[in-house]
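Here's a solo chain for you in structure tokens, the form predicted on its own.
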């Protein structure tokens, strides 16, 4: 049975253990990668053995930062046989992907996450859906462990918090988010350099992919829904990486009058969705969860085991129903 714990209790739990495998979610983003690497560094600073495993590997855009080179993929040789698994930013066990065996194979398991839809798993679990990023919680945990925050840890935590908050622009950003960012700046984060790398630089492949996706976008008759498709052929033709799809759904949501946006991506025989909403629509509870997914009120996702067009029809039908229910205020 999973035991819910506080930051202080989780810190004590970690101090009493060793041999850590820190695991992020499938298709890792900045929050998963940043939280895992920063926490691994903190545990290593305590003299513990720790390594990071990311299903899909470290995204190329973060590969330049110290510590990225040590990240392993599921099934690859690990530096040691871990005893303790620590999943960060993983909203449910299914999101462990190919790392599920690594997590389940450890004698003891912990979870740290900010997805409100997380049902709780592992031996001990801390979920706080009020946080904009798991990186916020990782920072507090590092402080509770008594580990001094160095520039490398702060850089990874800034990547985590900044990317999941839309560079501090999403409605989920809180005063606590900004206080966390201030601590990271005090630790020596290069804000100008990170901002340029994360938000003002785009690969040629992603630029071409963005053009292809947006050229095929569709809008509902009432203008409240926007959706687009990403296929294997698009990635091959543009030279884009899978990670280059990150953030494109936001371009759909930025269209005037649009309240719900969906980006459908082929993943073998399945279809993966990135979902976004404005204002009152809880896209996680009203769209993603009924379809087996989860996430946040304004940003969520799901994967449907069906061909793209069939899966897209199901998502749009659910979104249309949710929009038809009217505003809750």
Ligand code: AMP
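All values derive from a computational prediction rather than experimental measurement. Residue numbers count along the first chain shown, from 1.
The same protein also exists as the form predicted together with the ligand; that form is not shown, yet it is the one meant from here on.
Site residues 92, 294 and 299 are all in contact with the ligand in the model of the complex, judged by any heavy atom within 4.5 Å. Shown alone here, residue 274 lies within 4.5 Å of the ligand in the model of the complex, counting heavy atoms only.
Remark: residue 206 does not count among the residues lining the ligand in the model of the complex, judged by a heavy atom distance of 4.5 Å or less. Not displayed here, the ligand is approached by residue 246 to within 4.5 Å at the level of heavy atoms in the model of the complex. At least one heavy atom of residue 303 is located within 4.5 Å of the ligand in the model of the complex. Here the chain stands by itself, but in the model of the complex one stretch of 165-173, 222-230, 92-100, 178-186, 92-100, has heavy atoms within 4.5 Å of the ligand.
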